[in-house]
Every structure is written in C-alpha cells, then in structure tokens.
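Presented as structure tokens, the chain that follows is alone, the form predicted on its own.
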C-alpha cells in the first residue's frame, strides 16, 4: 500500500530545505550589514531596529495564520547568531587616544574576554599577571587605559601595589563587583581619570550584545566617555550608578541570591538527594531552577566566596532573610494556612503589574526548557 504520509512528508522536507537556504541567504546579508556597521561605527545592537523588525514580522505572521510567538522566537534566535557573527568583522575604535590598553589580570577569564574585544577594535593590548611582574613599570607607564581585573579580595592591594607605575594621565578602571572601596582607593591614589565598571555577565558570553554593564563615574568624563561609547558599539547596555547604590543592589542580586542558592544546593547534598531521580520527576520550572543551582556549583567557589563574604550589607541581608524564613516556618508549625495565604496575597500585591510581565517571561523560558527534556 502507498504510504499516505510519504508525499506530504516529502513536501515538508522540501520546505525545510528551503528554510535552510533562506537562513543561509539571511546570514550572508547580515555579514554585509556587519561590515557596514564596522565601517560606520554603528553599534551591533540597536534596540529600536530590533523592536520594529520583530513587531512587523509578528503582524505578518498573524495575517498569514502563523503563531506570532513562533516567529518572534525564530527571529530572536537568528539575531543571537547574527550578533555573534558580527564579532568576526571587528569594530571601529572609539577611543584611539587611549592608545595602549593594559589589563591587570588579563589572563583571567574576564581579562581574556576583554582582551579579545579590545583587539577586535584595533587597540594594542597587554596583560600584566603574576608571571610578568618585572614588566609592570614598562607596561603601566605607557598605558592609556589600565583595567584592574582581579578577584575582589585582591583589588585594593593590587591597585596600591601598582599605583607607583601608573601613567598619571591614564584612565584607571576596575571590573570589581564591589564599587565603594575600589573607587575610593583609585580616586585617592590616582590623579588621572577614574571609572568604575562592573560587567553583569560571565566570561563565557559569545557577544556583548544586550549584556548589562554598570558604570560608576569617578573623574574625567571627557576621557572615559569614549570608552563607554566603545562598550555601546560592542552592543552592551550601560547603566549609570553611584558606588553606594551599586553595592546595595549587588548585595541583593549577588550576595543574597548566591548564598541562598549555595544553601539549597548544599542541603540537597547533605540529604543525599538523588539528582537523577529528581530530574526525571521534575517539571520544566523545577529543572530550570535546578539548572541554576548546578550552574553555581560548576564554577569557581572562590569567586562566589569573594562575592558573598566581601559584602557587609549582603551578610546582614542574609541574616535578615534567615530570620524571615524562621518566621515563615511558624506558619507551618501552626498549620496556619490563612496566614500563608494572607502573606502570599500581600506579596503578590507588592509585585504589582510586574508579576504579569515576569509570568510571561518565565513562561517563554519554560517553553524553551521543555524542548530540551
């Protein structure tokens, strides 16, 4: 008997082949755009262009009887590929007056990432690490930009140790996830321009497009503004902050969050929970949560120790959180369902309209997560 599905499947295969060819054609066009952007000094990520493109395709999909969400997912996935591919074409140099760049800790993972990015823009980049300290005077005295990219607990000491070699006109920058202490040290020791930076991403990103960087102005805006423009050209999203506000937000976003993740993961280990069984029984949302726990324990423990233990405010927030957990346990001990619902409702009201936006975002994440199970 003739396979009733054969002809239709052949047609579907043909359409899929055409889609691949169209994607290849799109990739070639994106490559041409990348070359034009490089020549014109246009950022690889332009939010207004991306928004208008997605909105137009969503409307076309709706008119064609195709899910707008499907088309948006496809476009965003293609755009991620495009942003990564544009790195291959290099970038215009926004701050040629900086001349040479020296990254103290340049052989660390974050140092290597930014070495690559600066090289893509044509800067001369050198690394100062433990094994070439004898070159400190030579490298730092001629540098136009000095970036301190070392662990938090070493930042202050490294700045003080190397300060005697700094070119007094150089732009001094740190990448530390704390800002108050490093900024005070840099401003007190270095007479030249000073800028605090905190990349809110790990060194494993393949592009800086849409990645958040917090900057805390110190001294010499005319000198550090071209550097900020360089980050924008690479696609980064910049957020200005005071050192105090930055450190307060990091106490919440990093110290408190990482500690609670650490505590949860170590509790699973103490109870000898069989993760394979947990994974098999998990809903997509729990697998996503478990993935974030596993992600933390797959990385450098010293990094997270530095983040958590270096923040006095973070430590206090952790203590306050533990007290709150103990109060919540009282609801369990008293079987106080009404109290639980009351607290749940109050918190829901506090989230306001944001909870609907977060619900949509998490739903999209869960849909993608379920595809990998």
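Numbering follows the first chain given and starts at 1. Since the model is a prediction, treat every value here as computed from it, not as a measurement.
In what follows, reference is made to the form predicted together with a further copy of the same chain, a form of this protein that is not presented.
S.K.: Quick one: is residue 256 in contact with a further copy of the same chain in the model of the complex, heavy atoms, 4.5 Å cut-off?
M.R.: Residue 256 belongs to the contact set for a further copy of the same chain.
S.K.: At the 4.5 Å heavy atom threshold, is residue 260 in contact with a further copy of the same chain in the model of the complex?
M.R.: Yes - in the model of the complex, heavy atoms of residue 260 and a further copy of the same chain come within 4.5 Å of each other.
S.K.: Answer yes if any heavy atom of residue 187 is within 4.5 Å of a heavy atom of a further copy of the same chain in the model of the complex; otherwise answer no.
M.R.: So residue 187 does not count as contacting a further copy of the same chain.
S.K.: Just to confirm, residue 223 within 4.5 Å of a further copy of the same chain in the model of the complex by heavy atoms?
M.R.: Flag for residue 223 set to no.
S.K.: Report the residue, out of 90, 203, 265, 192, that has at least one non-hydrogen atom within 4.5 angstroms of a further copy of the same chain in the model of the complex.
M.R.: Looking at the other structure, the residue within range turns out to be 265.
S.K.: Have a look at 108-116, 167-175, 226-234, 297-305 and name the one stretch with heavy atoms inside 4.5 Å of a further copy of the same chain in the model of the complex.
M.R.: Going by heavy atoms within 4.5 Å, the stretch is 297-305.
S.K.: Would you mind checking 177-198 for residues with a heavy atom within 4.5 Å of a further copy of the same chain in the model of the complex?
M.R.: If the 4.5 Å heavy-atom criterion is applied to a further copy of the same chain in the model of the complex, 177-198 yields nothing.
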